[in-house]
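Take a look at this one chain, the form predicted on its own, written out in C-alpha cells.
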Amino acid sequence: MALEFRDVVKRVGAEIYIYPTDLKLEPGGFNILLGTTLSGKTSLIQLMAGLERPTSGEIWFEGRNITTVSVQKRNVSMVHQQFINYPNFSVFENIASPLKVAGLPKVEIRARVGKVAELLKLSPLLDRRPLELSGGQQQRTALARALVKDSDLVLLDEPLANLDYKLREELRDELPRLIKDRGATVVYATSEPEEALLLGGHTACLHEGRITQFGETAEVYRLPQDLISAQVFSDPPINTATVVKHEGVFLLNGTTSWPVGADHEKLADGEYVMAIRPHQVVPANAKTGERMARIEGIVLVSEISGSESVVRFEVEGTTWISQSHGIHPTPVGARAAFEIDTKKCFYFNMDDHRLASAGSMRGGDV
C-alpha cells in the first residue's frame, strides 16, 4: 500500500507551498514529516488526504493514480492537533461514526469499537460526552475514531501537540503498538525531532516546502546530507561555525584547533561550515580529553531543568548552545569554558552546504 508523490507541486496564487516533490512512503511503520511551522507538513497531508489537489504532478496509492479522487472515495483516516469530536455524541457514537456511515452491521460496529476502546483505555468512558472528558481523553477518542476504520492510509497531523507532557509521552509509547500489523500507510507530522526519534520508522525533513532528506529516521539523524536537514533534526538548534582546515588541523575563530584525524583527512584544505549538536558541547573538565576541543565564551543564558543544564554563550559574536546532563550552575555574564566532542562534528561545503564529511562515530550519534 505504498503512497507515492511523482513530481508533485502545490501553488496557491503566486506562492509555492510545495516545490517539485518525489516521495514514496511504505506501510508497516511510521512515515514522519519533520519540520517547523510553515515548512509544508500540513500541505502534504492535505494532498495525501484529497482535501487539496496538486497544481501539477501525480499522487499514486496502491498502484493507482488517485490525484483526482475525492476525499470521500479514499479509504483514509485523519487526526489533527486540534482534536475534533461530535459534542452531542457519546464516546461510543463518536468512535463508531465512520463505521455507521460505511453501513457496517451493529454487531461488527460494537465489536470493533470495543476493541479499539480497550486499546486506548476508553472502555469505562464510552457513555460519556466529549465535554465530560479531559483533553487527553478527547484526543484518545479522536485517535480511536481514526483507527477503528481500518483505513489504508492514516494521517496524523501533530496529533499530540496540544497535550501536556505526561499525556504526550504516554500516547507516544502506545501509538507504535496501535498501528502494528495494521498494514496501513501511516504518516505522522511533527515539529519535534525527539518525537521523530521516539517513533522511528522513516523521516522526511521539510523546509519551506522542500523535502531536504528522506530515509530511516535514525540514519537521517545520524548522517544529515546537508546543513538544512541537520538544522531541522536538532532541538535545541545545532551549533554552526566557520572552520578552516589547514595542514592537518581544523581552526575555529583563530584560537581553537584540533587534529583533522583519519575521518576527515581527505577533505581539501579550505573553509567549511562545522556543525555540532548542543549535547556534544559540554562544560569543560579540568583536563580536556584527546578528542575534545576547548572553547570559551560569555554566558548569555543559563537554565537548569531537572537533571539537565542548558547554557547559551557567545564566542566571537556567535551564539553557541551547550546541553549537558547534571546540574552545572553558570553565572550569566561570566566567562566559561566548554568542550566540543570533535569526533561528532559534521563538516559542510561552504558553497552548497552539502555534507563534506562526518566523523567515524557519526556526528549525530544519540
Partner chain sequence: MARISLRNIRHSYVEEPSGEEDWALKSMSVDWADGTACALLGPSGCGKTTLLNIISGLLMPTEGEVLFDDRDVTSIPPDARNIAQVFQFPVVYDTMSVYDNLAFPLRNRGVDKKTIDRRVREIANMLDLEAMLFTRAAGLTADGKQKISLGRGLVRADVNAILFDEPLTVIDPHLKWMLRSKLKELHQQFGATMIYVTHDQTEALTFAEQVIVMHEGAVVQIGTPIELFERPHHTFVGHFIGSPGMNLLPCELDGEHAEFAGHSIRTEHPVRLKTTPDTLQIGVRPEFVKFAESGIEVDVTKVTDIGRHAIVETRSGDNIIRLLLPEGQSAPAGRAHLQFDPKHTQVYADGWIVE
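Computed from a predicted model, the values in this text were never measured in an experiment. Positions refer to the first chain, counted from 1.
Separately, the form predicted together with the partner chain exists; it is not shown, and the next lines address it.
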- Query: Applying a 4.5 Å heavy atom distance criterion, does residue 247 contact the partner chain in the predicted bound form?
  - Reply: no
- According to a 4.5 angstroms non-hydrogen atom cut-off, is residue 104 in contact with the partner chain in the predicted bound form? no
- Would you please decide whether residue 325 lies within 4.5 angstroms of the partner chain in the predicted bound form, comparing each non-hydrogen atom pair? yes
- Query: With the partner left out of view, is residue 303 within 4.5 angstroms of the partner chain in the predicted bound form by any non-hydrogen atom?
  - Reply: yes
- Query: Picking from 106-114, 168-176, 87-95, 121-129, which part of the chain touches the partner chain in the predicted bound form when contact means heavy atoms within 4.5 Å?
  - Reply: 168-176
- Message: Which residue, 74, 294, 222, 291, is the contact with the partner chain in the predicted bound form, using a 4.5 Å heavy atom cutoff?
- Response: 222
- Note on the structure: the partner chain in the predicted bound form has a heavy atom of only one listed residue within 4.5 Å, and of 267, 273, 284, 198 that residue is 198
- Go through 187-212 residue by residue and record those having a heavy atom within 4.5 Å of the partner chain in the predicted bound form; state none if no residue qualifies. 191, 192, 194, 197, 198
